[in-house]
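Presented as structure tokens, the chain that follows is alone, the form predicted alone.
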Amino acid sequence: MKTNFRTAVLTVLIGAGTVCSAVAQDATTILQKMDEVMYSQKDMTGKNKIILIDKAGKQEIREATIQQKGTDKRMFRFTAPASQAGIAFLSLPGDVMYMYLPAFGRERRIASSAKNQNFAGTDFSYEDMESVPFSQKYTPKLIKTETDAFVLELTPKVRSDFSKVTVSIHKEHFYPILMEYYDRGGNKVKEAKYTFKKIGNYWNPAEIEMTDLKKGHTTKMQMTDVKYDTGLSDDAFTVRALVQ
């Protein structure tokens, strides 16, 4: 009888371990599929309309260009208004980021400790702007399955101002729908809403709406004139290109 009981307990434990492993693997696979949607193109160019909306509803509009290559190179440059034109951001492999401010006439490297600071007065952080797949930055856990979406809890793999990020991922097309960011006290402090549209073979983030819940401030990034796989050179993603 004791032998049968021990065998039953062992079977249950093994089964539970197998289920947990399967759930973890599913979460990893789902997040990797989201990364594939967001980084499957060889390269991308486009224009961004940036709309800053304060608590009173007052709007400020900026314009920018964006270039991306592979999963780890991105250049973002403001083109309007004149007060912002020329401000540029460069994301490179190995957690390397640079900012160029024309008023100072030189680039400066962004320290890893400053990644969660706001980028150029928007509600996006430097970390939001960098080009790094989410599966490299976070450990995922599947916490809920909704009618149209998988909901993952993402835990940072390195020290972060956020304790976790939850992301709702479209069940069929695997693009993000909503991301919610929680501080180290467990409070939700900002959220990003995504609108995707298909352009050719790729799903494109036509609009990202980032809201700072503490400040009641929102930034919308709307992408237009998107072109994929045009053969961008690595020379377009250098510090020399950043300051031109």
Partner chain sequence: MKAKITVLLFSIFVAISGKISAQEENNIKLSGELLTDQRLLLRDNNDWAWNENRLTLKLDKQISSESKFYSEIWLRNIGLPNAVHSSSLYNKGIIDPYNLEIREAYLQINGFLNKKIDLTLGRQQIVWGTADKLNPTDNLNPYDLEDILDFGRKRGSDAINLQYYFNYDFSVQGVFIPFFQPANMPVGIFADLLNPSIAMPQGMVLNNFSDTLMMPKYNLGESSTVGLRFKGFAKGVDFSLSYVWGYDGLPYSSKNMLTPVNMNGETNIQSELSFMRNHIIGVDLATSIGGAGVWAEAAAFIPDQDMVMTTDLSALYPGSPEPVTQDSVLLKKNKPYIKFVIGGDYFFADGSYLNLQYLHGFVHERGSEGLNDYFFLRYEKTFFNEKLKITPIGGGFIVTDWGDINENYAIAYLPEISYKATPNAEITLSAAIFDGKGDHLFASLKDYNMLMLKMKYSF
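Positions refer to the first chain, counted from 1. Rigid core (definition): largest C-alpha set, two forms, superposition within 1.5 Å. Since this is a predicted model, take the numbers as computed values, not measurements.
A second form of this protein, the form predicted together with its partner chain, is not displayed here; the remarks below concern that form.
Within this chain, D35 is remote from the site of its partner chain in the predicted complex, having no heavy atom within 4.5 Å. Taking the partner from the other structure, its partner chain in the predicted complex has no heavy atom within 4.5 Å of any heavy atom of F76. Residue contact with its partner chain in the predicted complex: S135 places no heavy atom within 4.5 Å of it. Contact check for S112: a non-hydrogen atom falls within 4.5 Å of its partner chain in the predicted complex. Heavy atoms within 4.5 Å of its partner chain in the predicted complex are found in one stretch of 135-143, 112-120, 167-175, 150-158, which is 112-120. Though its partner chain is absent from this view, in the predicted complex it lies within 4.5 Å of a heavy atom of just one residue from E60, D183, D26, E63, which is E60. Contact residues in stretch 223-244 (any heavy atom within 4.5 Å of its partner chain, taken in the predicted complex) are S233, D234, D235, T238, V239, R240, Q244. Superposition of the core reveals a Cα shift of 2 Å or more for S112 between this form and the one not shown. Relative to this form, the distance between the C-alpha atoms of I110 and T166 is increased by at least 3 angstroms in the predicted complex.
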